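Taking the form predicted alone, here's one chain by itself in structure tokens.
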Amino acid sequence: MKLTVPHMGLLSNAYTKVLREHGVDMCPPPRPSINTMNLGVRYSPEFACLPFKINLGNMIEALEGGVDTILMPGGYGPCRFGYYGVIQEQILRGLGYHFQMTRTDNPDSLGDMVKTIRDISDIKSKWDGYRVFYLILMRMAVLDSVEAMYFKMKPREINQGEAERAFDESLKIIEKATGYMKLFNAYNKIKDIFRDVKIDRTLKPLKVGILGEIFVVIEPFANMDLQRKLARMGVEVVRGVWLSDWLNDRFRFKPLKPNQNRLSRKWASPYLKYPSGGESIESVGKTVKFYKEGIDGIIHIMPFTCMPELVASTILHRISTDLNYPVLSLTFDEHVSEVNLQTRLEAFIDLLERRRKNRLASRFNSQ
């Protein structure tokens, strides 16, 4: 069995090496590219969202590369995502591909996820299944920490490119950490690597919160690497959606970390009392939170046709008006151009810089 799973940010970095250690012939597809997009667009329904199209393109690339088994989460919720695997399997079989589609019927169930891991690997005992799944979750948490450190350091770095080198080196270190003690030591080493990045501590860069649909926030290709663009423009990215938080809300592998979904419901309550699917409640709740924390502005990103985030976008417009808080909404599909995105980002950052200068001028004049 040659198994593949479509990409989603750094998720494949978390599980590929670990599952290979337990007898799984993991064959990740190529990183999403224009070819991936073109394949997905060609064979997807027109109304399908961008994550669906990228996932489908990834599956086709993997099947063309010799893969015979695809693993895809399924089940109910959080939006149309629950139906992806079923529809994608029908499309692929209609194209003449022969393969096995393995789906997790309930991706929110710990027992179901562990059963899936045991089914595809040489792991026999239930205890070993839990131990391996927990290790994958912890690796994902460390990978998210590496990205957060990069976003903190990049706008402050003195030597151009040093933060990128620290990020790349960190990924290589995590790749080799296939045990708990190795992962613990790797994390300590990574913190030392980022501490060695020379930064200008006097700089106070603009801070921009990134919120929206989880796949488009996490997968760089889906958002045209928006967050790296901002970091290279000297902006500190404060991401409100992390895959390890999403997983922790469901599996509580970090029990001391507060449940982000519950907190978001509390923060969102003046504007949205009930979740409308996807990450809508986090988008609304964390916009209010970021405003109170002094984050300079919000960029809300979503795939075209995403109903949960469309609901959130409408509410964010009201929050922006009520609080006089800058919110830029960006919708991504196969038609968005790089130039258009860059122009809108530059205009938004220029707006935030002018607002900051005006605030400082007001304080100076009042004194």
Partner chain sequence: MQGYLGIDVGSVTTKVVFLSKKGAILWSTYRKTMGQPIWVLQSALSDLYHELTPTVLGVGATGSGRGLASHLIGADVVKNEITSHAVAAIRYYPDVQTIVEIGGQDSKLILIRDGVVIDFSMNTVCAAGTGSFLEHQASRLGLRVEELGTIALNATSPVRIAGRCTVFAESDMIHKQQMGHNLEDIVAGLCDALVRNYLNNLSRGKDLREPILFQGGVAANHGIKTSLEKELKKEILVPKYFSIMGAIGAALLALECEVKATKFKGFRIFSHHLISSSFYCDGCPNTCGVMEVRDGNEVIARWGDNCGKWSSTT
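Positions refer to the first chain, counted from 1. Note that this is a predicted model, so its numbers are computed, not measured.
This protein has a second form, the form predicted together with its partner chain, left out of what is shown; the following refers to that one.
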- Consider R20 of the chain shown here, and say whether it contacts its partner chain in the predicted complex, taking contact as heavy atoms within 4.5 Å. no
- Message: So in the predicted complex, is its partner chain close enough to R318 to count as touching (4.5 Å, heavy atoms)?
- Response: no
- Task: Please check if S33 has a heavy atom lying within 4.5 Å of any heavy atom of its partner chain in the predicted complex.
- Result: yes
- So in the predicted complex, does T305 come within 4.5 Å of its partner chain, heavy atom to heavy atom? no
- Task: Indicate whether the candidate residues M181, L183 and K254 are all in contact with its partner chain in the predicted complex, with contact defined as any heavy atom within 4.5 Å.
- Result: no
- Considering its partner chain in the predicted complex, which of M26, V41, I60, L328 comes within 4.5 Å of it through any heavy atom? L328
- in the predicted complex, the residue from R165, R232, K198, R262 with a non-hydrogen atom within 4.5 Å of its partner chain is R232
